[in-house]
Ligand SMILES: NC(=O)c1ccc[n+]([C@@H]2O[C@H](COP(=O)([O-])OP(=O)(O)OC[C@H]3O[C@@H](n4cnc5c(N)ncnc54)[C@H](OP(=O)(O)O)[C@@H]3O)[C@@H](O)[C@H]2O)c1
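This document opens with one chain alone, in structure tokens, the form predicted alone.
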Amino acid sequence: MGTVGTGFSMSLDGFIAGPNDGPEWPLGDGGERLFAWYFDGDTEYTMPGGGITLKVSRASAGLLRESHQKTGALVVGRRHFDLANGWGGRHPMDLPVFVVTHSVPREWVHGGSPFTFVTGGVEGAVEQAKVAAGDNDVGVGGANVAQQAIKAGLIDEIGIDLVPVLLGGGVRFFDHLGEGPIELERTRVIEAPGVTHLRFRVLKEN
């Protein structure tokens, strides 16, 4: 069985979206700066779903390709799902997506849908995603659900794509994690134009 990981493109002061994010402006004020590295490189990388082609550095393309090839399912929060408007019916990674929600949006429930709406909490969503992923990894997205998963001890790996900018406000990655330290071991550092890719393993008590 694979690992459960989460990660975001993040500003140096810890934000993964700018202030005033919403359906019409999902990244908030200034948040687009966090993803400038997706389009400033010299190497084309097409997302697994085929609908989006990025232009990143060679180092970033290699990391994205490796990560996407290993991922078999995703868990996201309802707010993240709504902000993305369900990605138009298919996630760019073209994977099963388990959406943690309090209520099921019936307009998205139909045969062949890649979305499964889970009302039993993040633990249940991660377990279902593990089954769907098989031997591959599970990715957890959306700030609130990622924080819940970290706090619950469900996350094995954390990735940060660190962008050299200070947003000054917005949505924080590491928030609402409870009291007490969460120990990490750095496993990888990849420097690329406009971004530094950092990967960490979560150290858990046996």
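Remember, predicted model here, so these are calculated numbers, not experimental data. Counting begins at 1, following the sequence as shown.
What follows is about the form predicted together with the ligand, which we do not show.
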Checklist outcome for this item: If we test each of Leu27, Leu54, Ala59, Ile150 for a heavy atom within 4.5 Å of the ligand in the model of the complex, the one that passes is Leu27
Checklist entry - Among 46-54, 177-185, 138-146, 65-73, which stretch has residues with heavy atoms no more than 4.5 Å from the ligand in the model of the complex? => result 138-146
Checklist entry - Mind checking whether each of Asp21, Gly77 and Val171 has a heavy atom within 4.5 Å of the ligand in the model of the complex? => result yes
Checklist entry - Taking the shortest heavy atom distance, is Ala17 within 4.5 Å of the ligand in the model of the complex? => result yes
Checklist entry - Using 4.5 Å between non-hydrogen atoms, is Gln128 touching the ligand in the model of the complex? => result no
Checklist entry - Are any of the heavy atoms in Leu34 no more than 4.5 Å from a heavy atom of the ligand in the model of the complex? => result yes
Checklist entry - Any chance Met93 has a heavy atom within 4.5 Å of the ligand in the model of the complex? => result no
Checklist entry - Which of the residues spanning 93-125 lie within 4.5 Å of the ligand in the model of the complex, based on heavy atoms? => result Val100, Thr101, His102, Ser103, Gly121, Val122
